[in-house]
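To begin, one chain is listed below as structure tokens, in the form predicted on its own.
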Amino acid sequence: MIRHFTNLHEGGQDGLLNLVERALALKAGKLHGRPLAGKTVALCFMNPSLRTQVSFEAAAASLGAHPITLFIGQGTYALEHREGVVMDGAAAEHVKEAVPVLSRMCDLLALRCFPEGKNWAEDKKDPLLAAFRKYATVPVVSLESALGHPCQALADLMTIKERMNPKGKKFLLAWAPHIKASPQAVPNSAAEMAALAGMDVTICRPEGYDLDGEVMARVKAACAAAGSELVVTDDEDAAYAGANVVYAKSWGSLQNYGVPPAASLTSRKITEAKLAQGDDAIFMHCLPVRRGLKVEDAVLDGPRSVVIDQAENRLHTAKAVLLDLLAANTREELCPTSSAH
């Protein structure tokens, strides 16, 4: 059976914690040599990227693999994923041919594909990512889809663990303003990551900006299993009070899908005064970030900000994912006690 990494919940708590432990070991220089020499990794981008592209290219190269980056629809043919359609539109190639061909030439496929932002019921099916998994004969990695960004969540937890034992700490996912109706991928994975790590999870958002119900059901179940607390609120004062981690992120409303947030919500910007209500809280954001709109410069540039560390850790967690899927024999070498998690 082919193992993929396209979400957090398939691997569960053990899978998440073990990958983070391996990433920490990699950062500490505990792996030598080039265990992926001779392997080829195809990175397929439907949407822009900076940290994701560079981290996976650098991770693959440093481990000895050859990364091939494809900008789908730009440097390659546009892809069709729908079944039984007459392809008389922009797409010149179907995933039924493209993905099997890539699978025969490469040892792993990774895909970044944002939602269209028109119909959540359709977007949440992640049709292109699902098609890659269906037709690939090699492991598939999600580099962000409509429902989640598991690679970012790995780096987020790694960054938290470098500063504290996450168990029992308060994780605040704070909605932040934006000029667009942003996807829910990062907040979905951030909330699920914190719950799986045993943190008390507070989601502070305006009314009408709840996360997807199926995602919240998994977050609730993970909190219940860990004996931790889950709070969803629009009360900023209560949300920030005692927070150990403040994770800022914008996301659109599912009730008014695709509609940008109202200008009146700009007051939800993260400020030094809000951060100060926490318990020496670290400030996190996945980047890129719109300075002055989502968060004050003083917060981003201040001593509690760990956003650059988060970005660096994308490299180490990318290595951990690649090794886990392509070089299983390195697991014990990197983290001999990981089974204890």
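Sequential numbering from 1, following the sequence displayed. Since we're looking at a predicted model, the values are computed, not measured.
Beyond what is shown, the protein has a form predicted together with a small molecule; the following relates to that form.
Taken together, S182, L265 and K294 are entirely out of contact with the small molecule in the model of the complex: none brings a heavy atom within 4.5 Å. The stretch from 33-41, 48-56, 64-72, 297-305 that comes within 4.5 Å of the small molecule in the model of the complex, counting heavy atoms only, is 48-56. In the model of the complex, the small molecule sits beyond 4.5 Å of every heavy atom of L26. Using a 4.5 Å cutoff between non-hydrogen atoms, T202 does not count as a contact of the small molecule in the model of the complex. The small molecule is not shown here, and in the model of the complex it never comes within 4.5 Å of any heavy atom of S228. Within 4.5 Å of some heavy atom of the small molecule in the model of the complex lies at least one heavy atom of Q152. Note on the partner interface in the model of the complex: the residue among L315, C286, A60, L275 having a heavy atom within 4.5 angstroms of the small molecule is C286.
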